[in-house]
Every structure is written in C-alpha cells, then in structure tokens.
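This document opens with one chain alone, in structure tokens, the form predicted on its own.
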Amino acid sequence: MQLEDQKVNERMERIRHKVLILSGKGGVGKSTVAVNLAVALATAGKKVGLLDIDIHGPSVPKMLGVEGMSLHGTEESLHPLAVGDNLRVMSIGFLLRNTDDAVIWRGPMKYNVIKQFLGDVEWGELDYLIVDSPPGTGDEPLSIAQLISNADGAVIVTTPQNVALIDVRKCINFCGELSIPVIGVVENMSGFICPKCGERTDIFKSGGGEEMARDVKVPFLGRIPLDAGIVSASDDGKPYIVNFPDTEAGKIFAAIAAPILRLFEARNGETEKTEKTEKTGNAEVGATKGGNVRIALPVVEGHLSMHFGHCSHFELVNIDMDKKKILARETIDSPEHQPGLLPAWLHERGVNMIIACGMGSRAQALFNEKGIEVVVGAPSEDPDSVVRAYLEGTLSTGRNVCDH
C-alpha cells in the first residue's frame, strides 16, 4: 500500500495544477463543462490531462469523439489517450468491452481503480489535470479528494432551480470539510433563447446559481445558456468551445477557463502584460482591447468608494469586450485591511482590471506589477452604471481623488 501511495505522489508531483469538477446533482452538465474546460486550456497551449472518474456513467470519451478507442501501455504503466497535441484523456470507458456494459462495483473497488488511474497512468509533465467526478459527495469524489491532497480547487456545476441548488450547497460544504478551495460556481442551462424569434424562456429559472454563490461567498464564474448546439456538439464528439467559439455559450466557456489559466500564470510568473492606464484629467474612457476581462470595483453603500482601500466590498464583473456585454458578476466582502494585501488578493480572484474613484500611486504600481490595469478618477456612481459606461466608451474620468 505504501508503494502504491508513493507512485500516486510521484505522478502527481509532475502535474502543476489539479482541478476537480463537481456537482451536487446529476444531469446538470458537469461533464460538458469538464470537457470544454479541458479543451479550452489545451487550446491555450497548456499540457492538460482529463481524468473521467465517473465509473458508472463515463461520458467523456463520447463527448471527445474517441469512444471505442483502445489504450496502450507497458507492464508497469498505462498511457492515456492523446487527443490532439496537448490533451491526454483517461476513462473507465476505454476499458469496457462494450459501451453498454454495466460497472457493478462497491466503494473499495472504485477507490482502487481511481488510485490506479492516478498512480499507474503515465500522465507525464502536465500543466493541469482536470478531474470529472460523478455527482454527489459519495465514494468517487471522496476518493479523489483524499488521493489528491493538494488540489488547487473545485469548479461546481449547477442548474438554476432550487432542487439542484439544495444539493450544490451540500457539495460546497463537502469542499469545506475536506479543505478544497472552491474556484467558483457555474450555472448551466440558464435560460433558452429561441433561435427563430429570439425570445428568452427560463426553463429551469435563471440566476439561482449566482445568488447561491453570493450567499455562501464563493466566486460565480458565469451562466451557460440552454443551447441545442451544445447538445449536438457533445453527441457528435466535437467540443463546443473550439467548434463554436464566437457564440454566447462559447464565450462563457472561455470566461470559465480564464481563472483556471490564471492559476498557472500566478504561480509561474506568466502574468499577462497589460497596458497601464491612468487618467488624471477630464476624459472619456472606454474598452480598448478585446477578449474577456474581469473588473473589480470598490463599493461602499451602493456606489464606488471615493478611496479604494475604504470600500466595504468589491463588485467583480466579467465582461466580453468584443460584444460589449456583461457575462457574470460577483459580490465579495473586502478583506481586513493589511498593507499590500489587495493586489495579490484580487489577482488570485482573476481580476485583471480595476475601475476606481481614487488610488494612491504606490498602490497603482503594485497592481500593475500583478498585471492588473488601473483606471482612476471614475465617478462615485453605482457599479453597474460605471461598467456599462466603460463598455460604451462614455465613462467620464476626472481627478484622482487619492493621489498619494
């Protein structure tokens, strides 16, 4: 047993980041999120492993179009299946003689095979290992949490209705009990837009995941709409994010991958270079670059705080610069005041831009060192108005009220 544990530890030491994809309830699209997240990271040039530990219902091979493929290996190790240049995949689905075979195992057998997937599979050097877990808080999620003791965190997938959210809260408590950080919550199947008339119908309600994330004070990563294209792409084995990147859902999948990518950047000194923007005279400021951006706004009593460090909480807003659209938002209490804390604290939460009324020049320099762009001199208005004005290019900035 000690030798097996050593093999697992040695394999895992060669993987920089481990992320678990969890859900409290089945049928919420957890595997869809796992597959598209893994493909997004691989497309970004990272070496990625995708481990499917849903022993009784493995769907990853089908979603990647590699169902029925065989694995190769040696007497000592098994090689994961290569999908493209940067993605390696392992699933019990590759080991079944027939895709219709039922796996009838009790807990100890499932624990042993998960340990083998970690210790006997030759993953090699990876930037990320994404683990697609079955729903709930049972044998498989508990096993992987115990075997990977230093996981970077969990992404939790839910649908908006209350029946699903009840189970998601249990999933978040599960992470707390096992000291697994919650990277964020994804709200899937959040509204259906009719492709013919454009009318929106909230079949499973909408906004429940975001509200729940706010209540339990964990990040909200975004809402994925109910899109027939996602279903077709999954059935056809064509990951949605690379086949339909310019759709609303494709953009949101990319936004969900962004904080995972920043794990790598933060710990490996690969912070993105951003232009330093500081407005000290009267001017109109607007979005000048493309892609997805996560903005932090310091707020007190519903308006931007006049002094950055005196806010009661932050509004974190994900925006699509190209479409001038707000993708997701999160309210988070500001930490207790400590000199030099906020740049690292906001960077860890994926922020790459700040809009504020005022900020000292030293603080601005510290944020710039973290790759966070700073816009100062914004009016003390409600954060939603400030963000929309920024997107529309009509944000009027004036004097930096905290220039020291």
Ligand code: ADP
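Computed from a predicted structure; not experimentally measured. Residue indices: 1-based, along the sequence shown.
Omitted from view is the form predicted together with the ligand, to which the following refers.
K.L.:
Even though the ligand is not shown here, does it sit in the predicted bound form so that G49, N86 and A254 each have a heavy atom within 4.5 Å?
P.N.:
Not a single residue of the candidate spot has a heavy atom within 4.5 Å of the ligand in the predicted bound form.
K.L.:
Which residue, M189, L129, L118, I156, has a heavy atom that falls within 4.5 Å of the ligand in the predicted bound form?
P.N.:
The option sitting close enough to the partner is M189.
K.L.:
Looking at L316, V218, I230, A145, which has any heavy atom no more than 4.5 Å from the ligand in the predicted bound form?
P.N.:
If I apply the 4.5 Å criterion carefully, the residue I get is I230.
K.L.:
Evaluate L342 for contact with the ligand in the predicted bound form, applying a 4.5 angstroms cut-off between non-hydrogen atoms, and reply yes or no.
P.N.:
Output for L342 is no: heavy atoms all beyond 4.5 Å of the ligand.
K.L.:
Taking the shortest heavy atom distance, is V28 within 4.5 Å of the ligand in the predicted bound form?
P.N.:
Although the ligand is absent here, V28 would touch it in the predicted bound form, with heavy atoms inside 4.5 Å.
K.L.:
Does the 4.5 Å heavy atom contact test between N352 and the ligand in the predicted bound form come out positive?
P.N.:
Taking the distances in the predicted bound form, the answer for N352 is no, it never comes within 4.5 Å of the ligand.
K.L.:
How about P225: is it within 4.5 Å of the ligand in the predicted bound form, going by heavy atoms?
P.N.:
Contact with the ligand, yes.
K.L.:
Which is the contacting stretch out of 66 to 74, 362 to 370, 343 to 351, 30 to 38, given heavy atoms within 4.5 Å of the ligand in the predicted bound form?
P.N.:
Every other range fails; the passing one is 30 to 38.
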